[in-house]
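Presented below, as C-alpha cells, is a lone chain in the form predicted on its own.
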Amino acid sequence: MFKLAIKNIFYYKGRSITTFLLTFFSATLFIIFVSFMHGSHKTMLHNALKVYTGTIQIYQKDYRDEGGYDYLIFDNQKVFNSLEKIKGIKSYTSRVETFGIASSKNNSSAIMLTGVDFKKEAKISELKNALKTGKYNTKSNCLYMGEDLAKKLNISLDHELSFVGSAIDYSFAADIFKLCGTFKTGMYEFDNSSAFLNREYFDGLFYSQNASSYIVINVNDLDKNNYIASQISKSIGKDLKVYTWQDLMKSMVELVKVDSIFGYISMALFFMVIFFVILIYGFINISSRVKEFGVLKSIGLRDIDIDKILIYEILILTLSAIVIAICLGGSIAYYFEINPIVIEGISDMYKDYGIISDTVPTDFDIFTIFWNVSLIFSLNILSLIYPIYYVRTFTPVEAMRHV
C-alpha cells in the first residue's frame, strides 16, 4: 500500500504539489507568527519589569493591605544575608517609601518620596536609563524626580522645593530639596507622583536605617523565577511574604492572555480556510479517482486497503512539508531571537506606553514549534475523513461505472 501511495503522489502531481505547498506555508507562517507573538509578549513583560517592578518583591505580610510605617521590614541585613545564599538571584536592593506634600514657589502636590541606593537601583530598574535632564546618581538633598511631576510643580533643574512629611517614628519631617535630575519611564501616574532621594540622606532625615518598605529582586532566568521565590520564602522569616511579578502585575498578565487569545483566534480563522481548501481540493481529486478505486476493489483490495493508500498519501505529503517548515520556520525564529528586528525610534514613539526598547524579537521554543505543527498535521488528517467515507459508499461495480 505504501509503494502504491508513493506512485499516486507522483502521478497526481497537481494535487500533491498543492497539498504540500498549503501545508508548508501554513506551518511555516504559524511558527513565525507564534514566535513573534510570544516574543513581543515577553519583551512587553520584560520592559514592564525592568522599568521599576523587578521580578520578586519581599514585604511584611500586612504591608500591601494596611500600609504605613508599622509594617516595614526593620532588619534589611538579615534578609540580605538569606538572599546571598540563594542561587539564581541577579541583584537586589531595598526601598523606603513615604508620602508627603512638596511645594515650589507657585504649586504644591502630594508625592511619593522613595529612598534608594542609586548604584544598586541601576542594576534593578530602568530609572537610570529613563534620565531626561540633569544627573541620575544624586547626593545629599538632591531629588531625582518624574518629569511630569516637575512640570506639575513648575520647577526645573537646580530649583528648590520644600517637603513636609512624617519620619518612621511618626515625628515631623521637613526639608528643602533641590531638583538635580528628571526621568520619564512612560508610566504616567508614576512619573506624575514619584521622586527619589539618596538613601543615606533619606535615612538621616526619616530615621529609616536598616529598614525598608520592601526589598526588590531580579533573577538571572525569568523561567526559574517562581522556584527562586519559593526558595526565598523558605529562607526568610514567617512574618515576611514573597510576591512574584505575576502577583504584582496581574493586569499585565491578563492583558497578555487576552492578546494571545485574539492572536490565536485570528490564526484559527486562517487555518479554517486552509483546512477547507485542502478538504475541498482533496475531495475533488479523490472523487475523480472513484473508478480507480473500483478497479482496485474488484481485484481484491478491501476498503481498509483503500483507506491505507489515501492515509499514506496525506501522511507522506504532510510530514515532508512539516519537516521542511520546522527547519525553515524554526531557523527564522531562532535567528530573530538572537538578532531581533530593530525599528529605530519605536521606543521614543511609544515610551508613553511603557515600551523602552527598539527591538522586536522572536521567542524560539521547541515545544511551541512542535505543538504548532502538530495542529497543522491534525487538520490535514481530519481533511481526509469525509473523502474516505465518500469512497466507501461505492460498491466495486458502482465505482467502476462512476463518471
Partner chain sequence: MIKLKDVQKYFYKGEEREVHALKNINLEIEKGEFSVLTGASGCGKTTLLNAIGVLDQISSGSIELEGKEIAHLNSDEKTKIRLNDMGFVFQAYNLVPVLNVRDNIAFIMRLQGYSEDRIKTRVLEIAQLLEIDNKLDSLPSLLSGGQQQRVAVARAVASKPKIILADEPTANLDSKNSQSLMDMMKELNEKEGVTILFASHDEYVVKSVNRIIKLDDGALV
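Positions refer to the first chain, counted from 1. Only a predicted model underlies this, so the values are computations on that prediction, with no experimental measurement involved.
Not pictured, yet referred to below: the form predicted together with the partner chain.
From the list 291 to 299, 87 to 95, 326 to 334, 127 to 135, the contact stretch for the partner chain in the predicted bound form under a 4.5 Å heavy atom rule is 291 to 299. Interface residue remark: Asp303 is counted as part of the site for the partner chain in the predicted bound form, having a heavy atom within 4.5 Å.
Taking the partner from elsewhere, Thr395 is found to have a heavy atom lying within 4.5 Å of the partner chain in the predicted bound form. Although the partner is absent here, Phe20 lies well away from the partner chain in the predicted bound form, with no heavy atom inside 4.5 Å.
Though the partner is left out of this view, Tyr11 does reach within 4.5 Å of the partner chain in the predicted bound form, counting heavy atoms only.
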